[in-house]
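A single chain, nothing else alongside it, follows as structure tokens in the form predicted on its own.
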Amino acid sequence: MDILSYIKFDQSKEFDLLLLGRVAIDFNPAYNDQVKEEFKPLKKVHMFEKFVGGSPANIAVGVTKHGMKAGFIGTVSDDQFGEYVIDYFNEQGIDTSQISKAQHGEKLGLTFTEMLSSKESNILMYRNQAADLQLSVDDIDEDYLKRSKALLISGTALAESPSREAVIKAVMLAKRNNVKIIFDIDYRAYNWKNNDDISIYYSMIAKESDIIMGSREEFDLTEKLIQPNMSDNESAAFWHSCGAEIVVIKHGMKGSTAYTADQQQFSIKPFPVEARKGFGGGDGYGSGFLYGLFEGWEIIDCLEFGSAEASMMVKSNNCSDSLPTTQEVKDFITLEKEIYGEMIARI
């Protein structure tokens, strides 16, 4: 079956994808031609490199590198870091007309990453009064939303008001204007006060979504007040019954599965690489998978492309600058198959 029969985007619209949610600044132990901070505890690191971070921000960069037209809806700090984000997005070709600046001194979140080994990495987050959570209903413009084929909601944006209400307004207006809703659950524990809040707001958006992407843990959190401890098949069936067309459930190194509304499922494993860090892969995965969807590929090809891009990103020292071009992902897949065999990633 042609993938376009799974989900249809309104091809007349100017933007492929608008992304709403978190943007942060990542400080990663330096690893470049001049300085190499090898694996070590954070307290022993002297040199850091600065990058734009935050899942929806990274996906915005990733899909733009694949030639998609993206815009970002969010709030940044009214300072040089906020300017840095806007300048970086503009350089990448991401529309920044709907990025507002926080009015009361709120700052962008700062993320310091610890890389202990290829299998162990941690994050130290400074995120008090985060600027991105100051997005308000006044920042959501219906005329802007209706210009896009799809809207991606990052679940982190639901953690606090006023951002929470801004998300709900954006989803309501998107639905009214035939804009597909993509929900990247994007759970970050440091934002939430209790699990009931998580389930209430995640499930509210998931029930309105056409595509839902998340880990098994993220689906468990979403489903806590609906039906705890569902299996992957039960989760997929439930969200399909609510109107979702594609449900993607990820299990880390064990791989991931996409469930389509006609009760098919397609599974993929990660491509084998020597990792530099244990995060950033999900943003590459989202970028590659969504690019394939917008190109009208078969689901399994979308998954393979996303899985390849995820593996490329865990090899990298950052989550934004190193996001690959379409040709780089294709070359990576070709090389991996030459080494490991034709069907290494497909289950």
Ligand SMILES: O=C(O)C[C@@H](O)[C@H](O)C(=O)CO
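The numbering used is simple: start at 1 and walk along the sequence shown. Note that the structure is predicted; figures quoted are calculated from it, not measured.
The protein also exists as the form predicted in complex with this ligand; that form is not presented, and the subsequent description refers to it.
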Handout entry: Non-hydrogen atom contact residue 84 with this ligand in the predicted bound form at 4.5 angstroms
Key = no
Handout entry: residue 163, heavy atom within 4.5 angstroms of this ligand in the predicted bound form
Key = no
Practice task
With heavy atoms only and a cut-off of 4.5 Å, decide whether residue 279 touches this ligand in the predicted bound form.
Solution key: yes
Exercise for the section: Tell me, yes or no, whether residue 190 is in contact with this ligand in the predicted bound form, where a contact means a heavy atom of each within 4.5 Å. Expected result: yes
Fill in the blank from the handout: Within 4.5 Å of this ligand in the predicted bound form, heavy atom basis, the matching stretch of 182-190, 226-234, 98-106, 197-205 is 182-190
Fill in the blank from the handout: Heavy atom within 4.5 Å of this ligand in the predicted bound form, from candidates 172, 125, 137, 242, belongs to 125
Completion exercise
Applying a 4.5 angstroms cut-off on non-hydrogen atoms, the residues of 313-330 near this ligand in the predicted bound form are 319
